[in-house]
Ligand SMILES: Nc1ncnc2c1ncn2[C@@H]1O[C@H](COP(=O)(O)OP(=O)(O)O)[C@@H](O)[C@H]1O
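What follows is a single chain, given as structure tokens, in the form predicted on its own.
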Amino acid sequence: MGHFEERFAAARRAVIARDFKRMNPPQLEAVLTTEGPLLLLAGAGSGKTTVLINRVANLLRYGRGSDSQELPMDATEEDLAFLERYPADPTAEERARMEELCAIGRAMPWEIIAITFTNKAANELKDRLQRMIGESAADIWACTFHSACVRILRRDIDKLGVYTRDFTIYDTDDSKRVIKDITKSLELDEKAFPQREVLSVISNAKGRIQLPESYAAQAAKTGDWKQQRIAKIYAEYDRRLREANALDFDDILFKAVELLGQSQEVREYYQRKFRYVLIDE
């Protein structure tokens, strides 16, 4: 890279960084890093969500400009001088020229997914993105893992060949009622197979992406009588939910993983759709 290119890239990064001057040095580095994987480790209340929101703003305004050596095709010495002398209080015209010179491959809002773990955190994320970015924030997938997976399943779950897109989502009470009916039909003692415990075992199996058949094979190897009975409950529970076109809370993640694993079409659709995946733990 020549001297002009080095100066231009450095000037562009410095000007972009001024938009995020409230960040401390490690936060700023995270905000301005746009390409490749990035892991930010920090304690509670240290500003991780703030970094994520500012990083989204950077991606929308400047794309990969802060993290690239690529130059505009028609960049001139005059453009470089403008960036190097960019005023502290620019006019609207100067601001527009700066953004035009600094932006490379701006991300569109619908090309970004920002995931968090709780509904409360997701709502806070949406609100803060709206305040910082404006109406375009509505097109960003700012959501929990479960709500993101529900959106994926509502669009394509029928490709699994079992469910339709108008599937029902069972809450814990719904699931307990099904387990109670199954336990009774299998003539098992409810005290030996309490609904909460059985659901916990099934939930853990689904968390391991373990189908009823696989769980049953594992139970057979161990020879554990109780585990073998739970395997029968799990198989019947799975059958009844499928017949009812219903998913429980664990299925939301389980079936989304299954769908993305089985359908190349769906997988490639989301690989093309999302340029940036950000997770706020």
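Everything numeric in this text was worked out from a predicted model, so none of it was measured. Residue numbers here begin at 1 and follow the sequence given.
What comes next is about the form predicted together with the ligand, which is not displayed.
Participant: Should the three residues 176, 194 and 203 be counted as contacting the ligand in the predicted complex, with contact defined as a heavy atom within 4.5 Å for each?
Facilitator: Answer is no for this spot.
Participant: Using heavy atoms and a 4.5 Å limit, would one call residue 22 a contact residue for the ligand in the predicted complex?
Facilitator: Yes.
Participant: In the predicted complex, does residue 48 come within 4.5 Å of the ligand, counting heavy atoms only?
Facilitator: Contact with the ligand, yes.
Participant: Quick one: is residue 111 in contact with the ligand in the predicted complex, heavy atoms, 4.5 Å cut-off?
Facilitator: Taking the distances in the predicted complex, the answer for residue 111 is no, it never comes within 4.5 Å of the ligand.
Participant: Is residue 43 one of the residues lying within 4.5 Å of the ligand in the predicted complex, judged by heavy atom distances?
Facilitator: Yes, contact at 4.5 Å.
Participant: Choose from 233-241, 48-56, 214-222, 31-39 the stretch whose residues reach within 4.5 Å of the ligand in the predicted complex, heavy atoms counted.
Facilitator: Heavy atoms within 4.5 Å of the ligand in the predicted complex occur in 48-56.
Participant: Can you pick out, from 156, 124, 99, 79, the residue that has a heavy atom within 4.5 Å of the ligand in the predicted complex?
Facilitator: Only one option qualifies, and that one is 124.
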